[in-house]
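Presented below, as structure tokens, is a lone chain in the form predicted on its own.
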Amino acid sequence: MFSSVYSAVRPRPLKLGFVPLLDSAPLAVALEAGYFESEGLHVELHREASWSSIRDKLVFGLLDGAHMLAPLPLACSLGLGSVHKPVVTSLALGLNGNAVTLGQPLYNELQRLCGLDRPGPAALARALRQFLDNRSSERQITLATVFPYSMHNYLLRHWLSLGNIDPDCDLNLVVVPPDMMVSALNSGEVQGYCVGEPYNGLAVHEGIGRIAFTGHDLWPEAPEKVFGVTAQWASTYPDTHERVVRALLRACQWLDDPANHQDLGKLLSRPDFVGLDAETLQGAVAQMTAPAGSDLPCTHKLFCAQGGTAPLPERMQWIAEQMLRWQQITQPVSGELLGQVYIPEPYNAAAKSLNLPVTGELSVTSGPLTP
């Protein structure tokens, strides 16, 4: 039914990029479950090594769309860190999924200072403040995030602020690609990091780190990744854009069903997707809904549930506020610009066709943890 319009309105094949993480799963599932095909889309998935590679290949036209950090479309549209190129998103790829992992020696010391078996984020931040004040060594604590314009960076900075720690003065923040986090922790180059799965559980499995807390502990509805395209591409291929969004929405629905999680671990273990062993990935998948008392904390990873796929302006406004708070920009982002970057129309059209709530029927019910 799609053949008559396929060659006229959409590039063939459609090249979509992703970074090998658990939350790239919607793209893998949409391809393997045939959701792209059922929309008349011929898709090639391109595994990329870093977020800078994703950004650059998208803005220079080497990719048609990509799995992206939630703040990255806004950063591209503001010209932060690269050429100025408007990028839009009409689909979030879920909520939560990140965690802060600390090297075992640092975690043990903070736990001792807290005097608690399982200290929460605020208590750990205050203990880190005490640790920094009492250091006898001049060695600086180094923590890593995956990219300057990422929820990882903003959540880590927000956590540090709970302990009255200035992340730009009191310690050292560096950028490390997700798949290099564990080796950086093992070598001592960093003492902790904020990253998505499976690279938190992997550090625990290897006995070198401890998951201090999850992103859900800081903000139960934290946005994480989005599907991004350039504004020019979206306006040139509106039909294609809506079809991609609908295919990914269907994949996100599939991902929220626990009955599918065993198959997900096997799928992501393939070398063309995440490429780690199936046992490690199965553990990361299990963490999405792990019950209390498990060895690893539950990440509360949601894809479609609780409006996780909707580009809600309240979530994106927080991102813009963090850019200003941490001096990545000098002026507040206008509501007009946010409305140009996070566009709901393709999402709403796809959601209606799947009998899902549209953006006007959804709202944010929680905010980040405050002191």
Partner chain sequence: MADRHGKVAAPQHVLLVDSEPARAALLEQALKDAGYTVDKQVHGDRSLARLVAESQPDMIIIDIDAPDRDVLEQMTQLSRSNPRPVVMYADEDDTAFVEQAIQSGVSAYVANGMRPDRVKATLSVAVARFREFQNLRQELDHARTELADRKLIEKAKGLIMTHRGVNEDDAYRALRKMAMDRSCRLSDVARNVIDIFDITQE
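Owing to the predicted nature of the structure, the values given are computational and were not obtained by experimental measurement. Numbering follows the first chain given and starts at 1.
Missing here is the form predicted together with its partner chain; even so, the following discussion is about that form.
Undergrad: Gln340: heavy atom within 4.5 Å of its partner chain in the predicted complex?
TA: Although its partner chain is absent here, Gln340 would stay clear of it in the predicted complex, with no heavy atoms inside 4.5 Å.
Undergrad: Indicate whether its partner chain has at least one heavy atom within 4.5 Å of a heavy atom of Glu189 in the predicted complex.
TA: Glu189 belongs to the contact set for its partner chain.
Undergrad: With the partner left out of view, is His84 within 4.5 angstroms of its partner chain in the predicted complex by any non-hydrogen atom?
TA: Yes, His84 sits close enough to its partner chain in the predicted complex that at least one of its heavy atoms falls within 4.5 Å.
Undergrad: Answer yes if any heavy atom of Glu345 is within 4.5 Å of a heavy atom of its partner chain in the predicted complex; otherwise answer no.
TA: Looking in the predicted complex, residue contacts with its partner chain do not include Glu345, since no heavy atom lies within 4.5 Å.
Undergrad: So which of Pro177, Gly120, Gly163, Gly103 reaches within 4.5 angstroms of its partner chain in the predicted complex, heavy atom to heavy atom?
TA: That would be Pro177.
Undergrad: Though its partner chain is not shown, can you say which of Tyr149, Trp159, Tyr107, Trp219 has a heavy atom within 4.5 Å of it in the predicted complex?
TA: None of the others qualify; the residue that does is Tyr149.
Undergrad: Within 4.5 Å, heavy atoms only, one stretch in 331-339, 57-65, 25-33, 38-46 touches its partner chain in the predicted complex. Which?
TA: Selected range: 57-65.
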